[in-house]
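Take a look at this single chain in structure tokens; it is the form predicted alone.
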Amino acid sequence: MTQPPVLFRLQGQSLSYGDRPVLRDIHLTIRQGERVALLGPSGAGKSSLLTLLYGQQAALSALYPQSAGLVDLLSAYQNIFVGGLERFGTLAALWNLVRPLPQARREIEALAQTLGLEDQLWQSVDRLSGGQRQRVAIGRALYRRQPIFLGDEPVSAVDPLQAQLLLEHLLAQHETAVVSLHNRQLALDNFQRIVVLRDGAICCDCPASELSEQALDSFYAEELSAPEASADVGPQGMIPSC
């Protein structure tokens, strides 16, 4: 059977910010149709890895950045509309700032209802809660209408039930997804493949079906005791890949 085409390929990729290395010797291939969760402790390199992936397929990707990237003085409607700028052109986009375009308004109002933002659509986003801001940024990514979704903690500010529903909707609307998460159970429940980073390197790349929440917890330990872990620890004290 022919495999789906490769969308992302990193071969021995490293990345540093100044003198500080953030990614080391990354080997990663992601094919069309895959749903990949990125896990690992804070500072492990997940955001930097998403940035590298976005650089390979920017034209086909809807990106949810770590900071959400919203413009505080614009309304939720206007922030969502930014995702569709390429479809409307400059003059239409400028006019939309003054008077919403009928087609865009219908589309974004329907999207806002799906995301539970209908009552906040015309408020400036600086007046919204953290969870509402996340949903606005998700709306912007959805309105971009691209086949790939790259998300950096897109559901961290909502409760577990909302997080599950939002992830289900995001995955249903995108053919391929690579999403950084802190919630290990969400990763296991919604993704086919899990990649774990630690200290800037990939220490696990496995089908989700071969992992458990307890197994993933071991990658978050600050350190492993040498006598107990010596038989299971790979280079730089990392647990080997599955």
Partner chain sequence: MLSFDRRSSVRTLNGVCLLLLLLALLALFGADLQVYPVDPWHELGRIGRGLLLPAWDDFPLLLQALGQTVAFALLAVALAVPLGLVLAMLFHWRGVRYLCAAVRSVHELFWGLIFMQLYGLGALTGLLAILLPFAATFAKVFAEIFEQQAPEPGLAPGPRVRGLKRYGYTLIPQAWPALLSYTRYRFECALRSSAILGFIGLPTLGFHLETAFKQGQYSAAGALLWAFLLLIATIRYWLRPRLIPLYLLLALWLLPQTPGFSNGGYLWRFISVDIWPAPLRAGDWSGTLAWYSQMFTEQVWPGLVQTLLLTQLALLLTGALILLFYPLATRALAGPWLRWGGRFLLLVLRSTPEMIFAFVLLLLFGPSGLPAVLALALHNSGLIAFLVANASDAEQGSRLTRPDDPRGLLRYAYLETPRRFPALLAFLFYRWEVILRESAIMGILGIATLGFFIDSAFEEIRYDRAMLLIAATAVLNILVDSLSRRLRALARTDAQRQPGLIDPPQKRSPKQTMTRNTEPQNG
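Numbering follows the first chain given and starts at 1. Quick caveat, the model's predicted, so the values are computed rather than measured.
One more form of this protein should be noted, the form predicted in complex with the partner chain, which is absent from this view; the next part is about it.
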- Although the partner chain is absent from this view, report whether residue 18 comes within 4.5 Å of it in the predicted bound form, heavy atoms only. yes
- Query: With the cut-off set at 4.5 Å between non-hydrogen atoms, does residue 110 touch the partner chain in the predicted bound form?
  - Reply: no
- Contact test in the predicted bound form: residue 169 vs the partner chain, heavy atoms, 4.5 Å: no
- Message: Just checking whether residue 65 would be counted as a contact of the partner chain in the predicted bound form - the rule being heavy atoms within 4.5 angstroms.
- Response: yes
- Task: Counting only non-hydrogen atoms, choose the one of 31-39, 65-73, 170-178, 194-202 that falls within 4.5 Å of the partner chain in the predicted bound form.
- Result: 65-73
- Query: the partner chain isn't shown here, but in the predicted bound form which of 162, 96, 114, 156 has a heavy atom within 4.5 Å of it?
  - Reply: 96
- Task: Let me know which residues along 76-114 have a heavy atom within 4.5 Å of the partner chain in the predicted bound form, or say none if there are none.
- Result: 78, 81, 82, 85, 90, 93, 94, 96, 97
